[in-house]
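The chain that follows stands alone, in the form predicted on its own, written as structure tokens.
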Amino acid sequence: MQLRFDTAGLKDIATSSLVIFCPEAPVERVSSLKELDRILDGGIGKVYASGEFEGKPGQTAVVHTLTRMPAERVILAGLGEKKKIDHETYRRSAGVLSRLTAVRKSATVAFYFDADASAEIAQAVVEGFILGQYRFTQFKSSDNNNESTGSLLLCTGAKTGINKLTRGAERGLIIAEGVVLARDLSGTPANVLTPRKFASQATALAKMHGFACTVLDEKQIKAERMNCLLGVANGSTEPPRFLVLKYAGTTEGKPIVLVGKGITFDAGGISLKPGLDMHHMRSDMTGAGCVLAAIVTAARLGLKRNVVGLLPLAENLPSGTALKPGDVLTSRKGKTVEIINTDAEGRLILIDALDYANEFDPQAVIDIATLTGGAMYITGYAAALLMGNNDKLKASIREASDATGERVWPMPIWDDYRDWMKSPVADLKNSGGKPATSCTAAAFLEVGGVGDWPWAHIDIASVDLEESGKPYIPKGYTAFGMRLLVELLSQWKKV
């Protein structure tokens, strides 16, 4: 996607489609609409008078200019009531209009902003537009619906505002491309994106964007005593990998460690999942994909942070060598774990990764994972779950959630849940059953892997896949959490 910027006035913008964002207000109260109405001989007022467009959220209207101005058509995009408009409103509006036929067939699309538009608004618009047009087509032999806009022009009549638009839009482009990377990873079939192929792609990205990537093979994983990771991988002929990503954005300060669950396919192991929808289990590595994309994005943005990414990668399959219910593993931390359910494998690979975080003396650790199906029964498809041991860190994550529209909802880790994860034959068991499954899973992570540092856990199991489609999240894999992590890193507050 190419970005261009201009200080041209409304009557001078040459483009296929000119977008005007409209609050739910009369034409005469919005300066850009008032000027357009004059240029188009009352055409805007007639659209409003007809009732086909009122500026409500998600509404759009296409007005052909009939040579009255250089733009071929004007597209009105509704924002809703002024008092409710925020950055997410712009992001959603841009996502809706990105899929309009008139827009998809436009060689160039221009957005016109009033003088008071902020960099954050420009960022939200570019994010929403690019993400709304996203389609996963890598494995289609032909694609008859591949129209997409190649160029965006951001305009404001105020010369003093162009720097803000440029800064925000360029940031939005980089972040959106990070989400596209993570979505592509989640959508890639498991026979193509194996742990070794994931490691190869991460190595190439690290070289391209200037951060370090160390790949531990199965022998090195064994030497690190990551027996839980090895146990999960033991059912597959595909060997596991453990990635250590290091982005050095500053010469000072302890690193922030991000841990991402990387099960490249999850059949459930011996505790086999139902066959229905099992094909979606290729996205059980979305946490790892989001962490990789977040570090790529941090490097591209030049964030002044030190960040480490830890990605345990494996397949979870049934076989004669697979983990069995009743087996006992010893984690890197030295905790013995009784296997109750082999489909509770994500927490096993995560406790080894969380303990490995101690090698970096972190200032904080955040893990992100498609961890528990039970998350859906708490927040549905509307939000991820947030748990952890530090209120300040959790508050920072919620602030990042508010800024990005990637909602999280806090849940407790009570002693009751820690007690439920105790085993009569080992230190821990890997499943506490159906009650409070998301909370008990977090308690297992805390006891089994977390060290003496601030920690937060984000369970994205109910939001990693969009079943029907939202304004800037088409049907398919969402990469939920990538923008959240980047915002958290960008606005980092010491904990």
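None of these values were measured; they are calculated from a predicted model. Throughout, we count residues from 1 along the sequence that is shown.
The following text describes the form predicted together with a small molecule, which does not appear among the structures shown.
>> What I'd like checked is whether 261, 345 and 374 together line the small molecule in the predicted bound form, meaning each has a non-hydrogen atom within 4.5 Å of it.
In response: Looking in the predicted bound form, the three residues 261, 345 and 374 all sit within 4.5 Å of the small molecule (heavy atoms).
>> When the contact criterion is heavy atoms within 4.5 Å, does residue 370 count as touching the small molecule in the predicted bound form?
In response: Yes, residue 370 is a contact residue.
> Would residue 431 show up as a contact with the small molecule in the predicted bound form if we use heavy atoms at 4.5 Å?
Replying inline: Contact check for residue 431: yes, within 4.5 Å of the small molecule in the predicted bound form.
>> Within 4.5 Å, heavy atoms only: does residue 315 come near the small molecule in the predicted bound form?
In response: No.
> Even though the small molecule is not shown here, does residue 406 get within 4.5 Å of it in the predicted bound form, heavy atoms only?
Replying inline: Because no heavy atom of residue 406 falls inside 4.5 Å of the small molecule in the predicted bound form, the answer is no.
>> If the cut-off is 4.5 angstroms on heavy atoms, which of these, 341, 363, 389, 227, is the one near the small molecule in the predicted bound form?
In response: When the small molecule is considered in the predicted bound form, the option within 4.5 Å is 341.
> Of these, 461, 450, 33, 439, which has a heavy atom no more than 4.5 Å from the small molecule in the predicted bound form?
Replying inline: The residue from 461, 450, 33, 439 that makes the contact is 461.
> Where, among 211-219, 381-389, 261-269, 103-111, do residues come within 4.5 Å of the small molecule in the predicted bound form by heavy atom distance?
Replying inline: Checking each option against the 4.5 Å cut-off leaves 261-269.
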